[in-house]
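Next up: a single chain in structure tokens, the form predicted on its own.
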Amino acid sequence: MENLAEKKKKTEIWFRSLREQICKSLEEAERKFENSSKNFKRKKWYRDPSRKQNLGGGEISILKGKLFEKAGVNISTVHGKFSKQFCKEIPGADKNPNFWASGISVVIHPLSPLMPAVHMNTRFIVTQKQWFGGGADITPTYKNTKQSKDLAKIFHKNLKKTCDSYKKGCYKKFKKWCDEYFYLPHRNESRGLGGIFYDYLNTKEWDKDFVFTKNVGLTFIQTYLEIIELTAKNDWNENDKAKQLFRRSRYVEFNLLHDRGTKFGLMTNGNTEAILMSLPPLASW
């Protein structure tokens, strides 16, 4: 069993490695389908911009290409103390405000309205307790077309395999959690067609939980590459684009009003540009 320092090091290295795999895969897709030489632009940030305190930070990677209107892949490792107000909301922080957190967050907004937007994040958080969290979900422009439903089936099928290899029955639990989480109560509708969501994952078998979290990230990018292959060359029109911009408005509303990751980043003095990376370049109401 690794000690806590080793766990922190392993997870931080993994999230950086996964970032490299995802960025490389998306750049290759740009070249393959659009003959585009667009690459990710990277920018480091620090929780204490003056660098007088070592509070950690992260790195933003943004691609604005021909296939992907905006793709963001962010990694961060931050530590410090929660505010008194925030301590009440975080397990293990009620008596000790110290925390450490590392993770990756991915949001992809394709140019084509017929290629679904997707999101994935995984993380490892340490207070007086420690746990993994994360998930992945798919948001097509049209929720009810056969094509969108077929793509969602592929997405869910692969996530279910990953869940089943970890623990039988957990896919149903994590899918339900996702459906309940990515929901806009003020609109009385879901954000997209779901996926999985999990948090506070600590089964006392750290290596097993870590492998599952790694597999969620790998399944996500492998599945999305499959979806890109099926949709990159599909013809679309201006009506499709208008519908996509409308769907993105719901995405914006959820992330600004209800997303816990947004709140966590802001409450821990994270980088605002990195926190709002998930927002699309264009949306309409």
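Just count from 1 along the sequence shown to find any residue number. It should be emphasised that the depicted structure is a prediction, and the values quoted were computed from it without experimental measurement.
Another form, the form predicted in complex with another copy of the chain, is not on view; read the next lines as being about it.
Report yes if all three of 186, 281 and 285 come within 4.5 Å of another copy of the chain in the predicted bound form by some heavy atom, otherwise no.
Per the other structure, all of 186, 281 and 285 touch another copy of the chain.
Only one of 59, 27, 253, 240 has a non-hydrogen atom within 4.5 angstroms of another copy of the chain in the predicted bound form; which is it?
Exactly one listed residue reaches within 4.5 Å, namely 253.
Counting only non-hydrogen atoms and a 4.5 angstroms cut-off, does residue 232 reach another copy of the chain in the predicted bound form?
It does not: once another copy of the chain is placed as it appears in the predicted bound form, residue 232 has no heavy atom within 4.5 Å of it.
Classify residue 257 as contacting or not contacting another copy of the chain in the predicted bound form by the rule of any non-hydrogen atom within 4.5 angstroms, answering yes or no.
Contact with another copy of the chain, yes.
So in the predicted bound form, does residue 23 come within 4.5 Å of another copy of the chain, heavy atom to heavy atom?
Outside the cut-off, so no.
Under a 4.5 Å heavy atom criterion, is residue 31 part of the interface with another copy of the chain in the predicted bound form?
The answer is no: residue 31 has no heavy atom within 4.5 Å of another copy of the chain.
For the chain shown here without its partner, which stretch in 232-240, 215-223, 62-70, 40-48 has non-hydrogen atoms within 4.5 angstroms of another copy of the chain in the predicted bound form?
That would be stretch 62-70.
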